[in-house]
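Read the single chain below, which is given as C-alpha cells and is the form predicted on its own.
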C-alpha cells in the first residue's frame, strides 16, 4: 500500500526549476531515499511533502489523503499533515530537557498528562534515552541529540517519517553507527521513511528502494543492488560508487552481448542491451578488476592506499589511470609492473551526461 504518492511534482523559484515533474511512491513500512548531489532538488521534494513549500505543479498524497493539488487548489497546512520530520540540525530546543523536547508536540495539543507520560515512556524506550530524560541538549552527544529529534517526531505517531540529511553533522564513525540504529528503528516501528541524502553509502546501506536525482529530475528508481549493478545512465553509474570510464568501440554483437575493444586493443564480451555500435564509453567498477603478475593488460602501480578491509590502487594501463580494489591480502608495491584482468563492464553512449564525481 502506498503511504506517499507524488505525481508530476514541479517547483519553481522564479526562473529556476528546482524540481521537474517528479513522480514516485513510498510503500508501507518502506525505507525510501532521495539521493543526489547538492542542489538537485531532493530537499525541495521533501519540503513539499511536509508542506513547508508549495509545489508549482503536481499532486501529493499521504496515505489516502490528497495534501497537495495545484489543479484543485489543495494545500493542507504542515500541522495538519500526518507526518513526523527530523531536520539536518535536529532543531532540538536548548532550554528544554530531553523529556520536555520529546513531550512538546503532545503538550501543544493539550493532551492529558497521564497520556503524555505513557506515550513519552514508549518514545524514550524506542530510541534508548530512558536514562537521559532529565538532561539538556548541551549535555548530550550528537547521536543522542538526533535520537531526541527522532523521538519527538515519533511521539505524534505519524503515518510517515521525513528525514532531511539527519546524519550529515555527525562524525564518520557515529554516522555509520546511526545508519544501523535508524534502520533498526524503522524496522521496529514499521513507519515508512522518506530519507534525503547526498551520501551514496547511506542510501545504499539503509534503503529498500531509492531514487537518484539530478538537476531536478528523477533519473532512476530501484533497489540499491539494481541501481548499483544496472545504472540507467552514465550519471547514475558515476554518482553511485566508484567507476572507471574508458573510451572504447563496439566491434560486434551476438544477442544481448557486445564485443568491445578498449585499452590498446584489449577485447571483452559485455552483457549489454543498449544496442550501441561504434564508439562508446566502457565503465568498470574497481572491484571488477583483478591485479596479478600474469593479467593480460599490462599496468604499473602508481598509488596504493591500505584501507584495512581492502587495498585501493591507482594503476596506469595504456595511458589510462584506473582505480582497482583488491582484498587486504593482496598487497603490491608502488611502481610494481603487473597485469589486470577485467571481469565485468558496462557500456554507455559517448557524450552521455556526466556525473559529479
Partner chain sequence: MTTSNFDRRYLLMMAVGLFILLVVIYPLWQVFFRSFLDAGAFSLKSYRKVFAYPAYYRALLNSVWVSCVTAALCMVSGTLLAFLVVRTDLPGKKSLRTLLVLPYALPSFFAAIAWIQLLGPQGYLARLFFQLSGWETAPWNIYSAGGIVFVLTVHYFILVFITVAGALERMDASLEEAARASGANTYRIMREITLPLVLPAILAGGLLAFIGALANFGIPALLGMRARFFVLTTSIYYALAIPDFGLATALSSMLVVVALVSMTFQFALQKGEGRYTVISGKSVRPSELRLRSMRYPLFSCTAVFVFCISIVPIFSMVLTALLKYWGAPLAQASLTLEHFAYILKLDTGRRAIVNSLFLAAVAATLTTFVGILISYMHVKARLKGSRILDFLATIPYAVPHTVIAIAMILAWAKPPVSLYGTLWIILVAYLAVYLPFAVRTTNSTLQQIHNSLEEAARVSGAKIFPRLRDIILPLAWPGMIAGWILVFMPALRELTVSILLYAYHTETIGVVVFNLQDAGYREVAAALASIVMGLLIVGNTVIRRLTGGAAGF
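The term rigid core refers to the maximal set of C-alpha atoms that superpose within 1.5 Å between the two forms. Residue numbers count along the first chain shown, from 1. The model shown is predicted, which means the values in this text are computed figures rather than measured ones.
This protein has a second form, the form predicted together with the partner chain, left out of what is shown; the following refers to that one.
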Among 152 to 160, 246 to 254, 177 to 185, 263 to 271, which stretch sits within 4.5 Å of the partner chain in the model of the complex, heavy atoms only? 152 to 160
In the model of the complex, does residue 108 come within 4.5 Å of the partner chain, counting heavy atoms only? yes
Spell out, yes or no, whether the shortest heavy atom distance between residue 331 and the partner chain in the model of the complex is within 4.5 Å. no
Consider residue 169 of the chain shown here, and say whether it contacts the partner chain in the model of the complex, taking contact as heavy atoms within 4.5 Å. no
Tell me, yes or no, whether residue 304 is in contact with the partner chain in the model of the complex, where a contact means a heavy atom of each within 4.5 Å. no
Heavy atom within 4.5 Å of the partner chain in the model of the complex: which of 132, 76, 205, 276 fits that? Just give me the one. 76
What is the one choice in 284, 123, 92, 258 with a heavy atom within 4.5 Å of the partner chain in the model of the complex? 92
Should the three residues 52, 65 and 80 be counted as contacting the partner chain in the model of the complex, with contact defined as a heavy atom within 4.5 Å for each? yes
Rigid core superposition, residue 228 Cα moves 2 angstroms or more between this form and the one not shown: no
Threshold 2 Å Cα movement between this form and the one not shown at residue 108, rigid core reference: yes
Hey, does residue 137 budge by 2 Å or more at the Cα between this form and the one not shown once the core is superposed? yes
